[in-house]
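Quick heads-up: it's one chain on its own, the form predicted on its own, in structure tokens.
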Amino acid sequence: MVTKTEETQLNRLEGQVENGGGGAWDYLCFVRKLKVRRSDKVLKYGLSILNDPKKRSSLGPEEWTLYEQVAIAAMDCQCFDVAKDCINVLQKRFPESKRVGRLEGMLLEAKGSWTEAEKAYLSLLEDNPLDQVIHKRRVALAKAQGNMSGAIEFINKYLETFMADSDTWRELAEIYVSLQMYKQAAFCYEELILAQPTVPLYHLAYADVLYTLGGLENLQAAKKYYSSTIELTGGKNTRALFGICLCTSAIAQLTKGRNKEEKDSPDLQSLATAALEKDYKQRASDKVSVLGSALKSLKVSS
């Protein structure tokens, strides 16, 4: 994830290049380092270097890295001729390269030639069944065609080998949520929390899924994970604070008329409400009355 400082530095570099202050290569290197996609700028600045023989030759071996970077940016920008030219240069320099083979598959994919792209990827997997990039490209290919069941199948097969890949577990969870397969999504978030227990995003997403599933047990668990999100973020996650209030209201409805021991403690809800009111007074004072009305509709008050 890109930090605020890194984004500021990237924007400063971009402005410098745009205003003729130089630094195009530094900008392109920084984009690669952060793994961000600013394809239009990468294409523009990359071509300005590649089309200048003197600048290009000064890069040394990094010239080939730039050809690859520009090829991918060109695909994003639908400049397929530019992408093809870059791939041809790389193919000539590295005739047996599987990495260049990936680019050829990606170009077919970008053009919408799904069948040819799939054949290219399968051919590459025959040579190297453990190529993670190609496995992920097959997932992207299935998603691009709206074939979510195929994407799920590819991801599950991939995770049988690369079970520690947190990004892929998260992608699978998001697909399941989009298909309203909440129990399966919950399992994915459980895996993520086990692997990275200090990432608040996973606690929050898991709580959202549990709340959506409903039922007293799930709501109580959701409240716990909203609480852990608040703890991990130093009390600064507004969504989790609202989650506490929503869970409290739903649990109260489900336990109405039950024994006192079965009912939910109001202490956490009071703290969440007070934190929300304080936050709104500091950052959106004109919305405090709206917040009050929303909490009142949930029969939650400080």
Partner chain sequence: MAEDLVLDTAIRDWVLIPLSVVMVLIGVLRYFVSKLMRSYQVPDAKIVKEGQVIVRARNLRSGANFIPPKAFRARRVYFSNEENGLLFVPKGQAQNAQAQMFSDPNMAMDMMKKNLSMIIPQTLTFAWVNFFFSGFVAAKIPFPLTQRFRSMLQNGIDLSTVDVSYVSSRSWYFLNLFGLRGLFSLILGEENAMDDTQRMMQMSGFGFDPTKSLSAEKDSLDIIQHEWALPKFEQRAEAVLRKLVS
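Bear in mind that the values here come from a model prediction, so they are computed numbers and not experimental data. Residue numbers count along the first chain shown, from 1.
Keep in mind the form predicted in complex with its partner chain is missing from the figure; the text below concerns it.
- Heavy atoms of no residue among Y121, I152 and E174 are located within 4.5 Å of its partner chain in the model of the complex.
- In plain terms, the part of the chain that comes close to its partner chain in the model of the complex, with a heavy atom within 4.5 Å, is 203 to 211 out of 86 to 94, 135 to 143, 203 to 211, 113 to 121.
- Between the options C29, L246, L268, L254, the residue in contact with its partner chain in the model of the complex by a heavy atom within 4.5 angstroms is L268.
- Exactly one listed residue, out of L194, L216, M148, L125, brings a non-hydrogen atom to within 4.5 Å of its partner chain in the model of the complex: L194.
- F80 falls outside the set of residues with a heavy atom inside 4.5 Å of its partner chain in the model of the complex.
- Contact between K281 and its partner chain in the model of the complex is not found at the 4.5 Å heavy atom cutoff.
- Contact between M163 and its partner chain in the model of the complex is found at the 4.5 Å heavy atom cutoff.
- In the model of the complex, its partner chain sits beyond 4.5 Å of every heavy atom of M106.
- Scanning 221 to 245 for heavy atoms within 4.5 Å of its partner chain in the model of the complex gives A221, K223, K224, Y225, S227, S228, I230, E231, G234, G235, L241 in sequence order.
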